[in-house]
Each structure stands twice: as structure tokens, then as C-alpha cells.
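One chain follows as C-alpha cells, the form predicted on its own.
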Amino acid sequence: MKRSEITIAGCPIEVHEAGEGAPLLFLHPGGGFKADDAYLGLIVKGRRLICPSHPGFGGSGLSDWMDSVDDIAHIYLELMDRLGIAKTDLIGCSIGGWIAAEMATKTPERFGKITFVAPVGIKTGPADQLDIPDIFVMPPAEVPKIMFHDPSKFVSDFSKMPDEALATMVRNRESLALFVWEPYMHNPKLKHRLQRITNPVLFLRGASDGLVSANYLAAYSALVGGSRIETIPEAGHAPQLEQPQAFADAVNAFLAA
């Protein structure tokens, strides 16, 4: 993918692009963006795929005034202007889904079809209970067990990772904590704004997702009129990684319908 950098409101934003055609904006999950992930090549055909790294993630900067997902949403709306994109289809995974929801409630007319992949961002349960397990207090070895259908395939050997990759991984986690810590994994106002999204919307979830439950996703979908849910078997919180072909088939069918 072609990499570029665009500075918005004093913050350098890393942007990866590939393909030609109608634009498709992809917003990555909390683990960051990797240009060589298999699913990207399966959804890029016939489209201009645009993949920014969120502020504080990957090669993007992080300005000291940024502390909320809403800030990222405004940055990305400006990014669309800078890239000359008047309207685009949109895919958001996990925190990327939250950012996508914030963007779509602000300017729904700038988006076509929207795919939310295991999104976070709203509060659905009792105030004294977490809807999303707190991954920051869990022992690190326990987190993959709720994230993946088969966590054995996603075990990292940190001793073999280059320093640059380790630094990026730690920085991604630090930035994720900054944006989702308080209130944890949600914007209290977002669920009251979701009715503004009248676009065609698909919610995707891995059947083994231990982070975003089926009940949580159903409650999310119920707040977005006309949306529907599809479940990908043998996948956890990142179906695009565990089942890239099934993920791409679901997304491509939705975009082509």
C-alpha cells in the first residue's frame, strides 16, 4: 500500500492507500493497522481503499489536545476533505467502529454503506456493570482468550520482535487507554445520537467474541434503524484476522447489494 502523511490541526496522520475506484474508508481496531493483513487484499478490488492510523497509533502523531474518540472523528472528517472525498462507504472495527459511529452521526450524508465490526462506544447495561470486559486490568495472558476463537494462533513472541515493532505495539496500547479509559469504552451521548444514522448498516461479529457480546451488539443495532447483524463462525473479536475470506465475503456482498 502507498503511505503518505497529512497534518491536520497540528497532528500528522499516517494514511495507507491502495486500489482505484469508489472510496472505501477503513478504520482499524485497537491493535493498530498492518498493511500486509490478508483481508485487505480481499476487499480492495475495484475500490480506493483508504486506511488511516488513528492519532497515537502506528506512524500517526498525537497532539496534546486530543483525549477522546470524538476528537478522532473530527480529524477524520477533515481528512476526507483533504483527500477530496465527498462521500464514501465506511468500515470500522472495534474502536474504529466507535469512531465510525461518531462520524456518521455528525454527517450521515457523507457516507454510503457502513459496516460496524464488533464496535464499542455505547453503554447498554446497568451503570454499575461493565458492558465490555476491562482488558487493562486483566493478566496479559488472559486477553487473547476473550479476543480470539483460537488464541494459540495469535501468540506473540516478544523476544523475536524488532524494537520498532515493540515500540509501536506499546504506543498503540497506551493510546487506546487514553481514548477509551474514562468513561470506559463508551461515550454516554453517542447512543442518543445514533438515530441520525439512516444509511444501510451491517453489524458483524465473530461467534466467539468475548469482548463484544451478542446482546451488546443487538442493543447497538436496535439503536440504528434498518441495520442488520451477521455472525462469522470460528472467529472472535477480530473476524477480519481469523476468518479473512468470510469477513471479505460478508463485506463485499453488503457493499454490492
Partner chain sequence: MQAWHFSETAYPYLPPQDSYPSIRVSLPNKHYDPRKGAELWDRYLKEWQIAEEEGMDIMLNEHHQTATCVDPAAPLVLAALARLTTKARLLILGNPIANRRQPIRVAEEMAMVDVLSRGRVEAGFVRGVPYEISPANSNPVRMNERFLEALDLIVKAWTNHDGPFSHEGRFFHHRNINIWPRQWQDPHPPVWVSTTSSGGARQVGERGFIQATFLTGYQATRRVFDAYREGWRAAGRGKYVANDRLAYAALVYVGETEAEAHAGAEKLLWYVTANKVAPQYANPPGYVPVEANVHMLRGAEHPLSAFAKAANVEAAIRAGLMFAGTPDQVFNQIKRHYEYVGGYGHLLNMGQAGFLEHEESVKGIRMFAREVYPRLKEMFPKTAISGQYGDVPPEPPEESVLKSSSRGIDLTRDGPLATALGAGS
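Positions refer to the first chain, counted from 1. Owing to the predicted nature of the structure, the values given are computational and were not obtained by experimental measurement.
The same protein also has a form predicted together with its partner chain, omitted here; what follows describes it.
- Picking from 37 to 45, 62 to 70, 212 to 220, 199 to 207 the stretch near its partner chain in the predicted complex, with a 4.5 Å limit on heavy atoms, gives 62 to 70.
- With the partner omitted here, the residue from A86, V170, V155, A127 that has a non-hydrogen atom within 4.5 angstroms of its partner chain in the predicted complex is V170.
- Although the partner is absent here, L77 is not a contact residue: none of its heavy atoms lies within 4.5 angstroms of its partner chain in the predicted complex.
- A residue is said to contact a partner when one of its heavy atoms sits within 4.5 Å of a partner heavy atom; E174 meets this definition for its partner chain in the predicted complex.
- Put simply, D163 is close to its partner chain in the predicted complex: some heavy atom of it is within 4.5 Å.
- For E109, no non-hydrogen atom is located within 4.5 Å of its partner chain in the predicted complex, even though that partner is not displayed.
- Using a 4.5 Å cut-off on any heavy atom, the residues of 133 to 160 that reach its partner chain in the predicted complex are, in sequence order, F136, V137, M138, P139, P140, F158, S159.
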